[in-house]
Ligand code: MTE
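The chain below stands alone and is given as C-alpha cells, in the form predicted alone.
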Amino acid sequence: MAPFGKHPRTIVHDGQPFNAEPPLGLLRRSFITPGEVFFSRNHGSVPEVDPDGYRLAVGGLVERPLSLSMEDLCGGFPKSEVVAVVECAGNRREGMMEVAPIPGETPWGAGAVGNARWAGVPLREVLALAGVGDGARHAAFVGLDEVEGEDGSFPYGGSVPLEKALGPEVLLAYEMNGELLPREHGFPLRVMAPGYYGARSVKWLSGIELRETPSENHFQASEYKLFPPNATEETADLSEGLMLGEMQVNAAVCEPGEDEESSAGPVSVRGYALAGGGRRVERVDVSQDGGETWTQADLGEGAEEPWAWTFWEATIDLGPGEHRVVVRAVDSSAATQPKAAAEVWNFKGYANNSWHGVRVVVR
C-alpha cells in the first residue's frame, strides 16, 4: 500500500511532502471518490492533531472573537452536506510541461482531482455567531501544517472573498464520505469551498480571520497566481498576477488509457468533466481524430449537481491504426476549453484546461 492507506496503484510524485494521484481508470470507477483513491496535495508534513485539544480561532474584523472546540462545532451548529469536486490548481501540469519546462513543480497528470461527499458546519453559521464587522471583504484561513521556506517554517494559508464564504455550500468540514476526515485530508477540520481550486480549501484549519484584503499568506499572495506566458520565475513580480479562485471548465479522458490497444469497431470512451463557480457542465464533445470531427457524449452522474463533477461516456467507431481521442466540455456560461496547452501555458503550470486526449492503437 502507498502511504496513508492509498490504493496500491497510486502514482506517488513526492514522498515528503506527500503528493500523489490515482491512475485515471481507477478514478473513473466511482462517482464518489473513495479516500484511498482521492489525490493528496501537501506543501509540508501531514500534521497529527489531537481532536480533544483542538481549538478553532475566529477573529479579525468580527464583533465577537471565538475559540471553538470540535465539541462546540459538532454540537452547537447545524450539520450540512455537499457533494463537491476538488481540483488541484496544478492538475494536468504534465501537459504544460510538454510545451516548455516547468522546473521545481510536481508533474501532475489529470488525476489531481476528486469528488466527495463532505459534511460539516456551514461557514456562514460560524461567521454569524462571530458577527461580520465593518470593512470585512475576505475570509482568510490558516492551517496547522508547517511549510519550510527560505526564512524558516510557516503555516499554509489562503482566502476567499467574503461573498463566497457566506455561500451555503461552503463548509467547515469534519467528515468525508460519511466518515471522519482522513488525516491526510485535513483531520479534524478543513475548509471546503466548492467551485474554487483546492488551494483555497485549507486543511487542518486552525484559524479564520475576516479581513479587508486577501490573505497575506505566501500561498495566496505569491504562489497560487496566474502570470502571462512571457513571464518567468526570474522576471515575474510575485505581487502581481491573478489570484486563482474559481475553477475553469475542464474534462479528461479516463478510459481508454494512453497507448491502450483496442479492436476495430465501437469503442467506449469515458471520463470526467467539471465546471467552477456553481456552473454546470452542459455538453461534452469527443473526437476520434484530434478535433477534426466530434461526437456528443452522454452526460451521466453529476449533470444536475452544481458543485460535483460530471461523468460522461461516448461510443466511437475506430478503424485500424493510431487515433488521437480528445475531449472538450462546455459549461452553462457557454465557456469551453482551448485547444492546446500552449494557449494557457504559464511558468507555474496552473489551470491547464486545454483539450485532453489519449492515443489509442487499433489492431
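Keep in mind the model is a prediction, meaning the values are calculated, not measured. The first residue of the sequence shown is number 1, and the count goes up from there.
As for the form predicted together with the ligand, it is not shown, yet the points below apply to it.
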Margin query: Check Trp312 for me: does it contact the ligand in the predicted bound form (non-hydrogen atoms, 4.5 angstroms)?
Written below: no
Next item on the list: Using a 4.5 Å heavy atom cut-off, state whether Arg29 contacts the ligand in the predicted bound form.
Entry: no
Next item on the list: Give a yes/no on whether Ser201 approaches the ligand to within 4.5 Å in the predicted bound form, heavy atoms considered.
Entry: yes
Margin query: Is Gly143 near the ligand? Define near as a heavy atom within 4.5 Å, in the predicted bound form.
Written below: yes
Note to self: What I'd like checked is whether Ser40, His185 and Tyr224 together line the ligand in the predicted bound form, meaning each has a non-hydrogen atom within 4.5 Å of it.
What the structure shows: yes
Margin query: Given a 4.5 Å cut-off on heavy atoms, tell me which of 74 to 82, 283 to 291, 120 to 128, 190 to 198 is the interface stretch with the ligand in the predicted bound form.
Written below: 190 to 198
Checklist line | Position in contact with the ligand when the complex is considered in the predicted bound form, options Ile102, Val269, Ala110, Cys88, heavy atoms within 4.5 Å | finding: Cys88
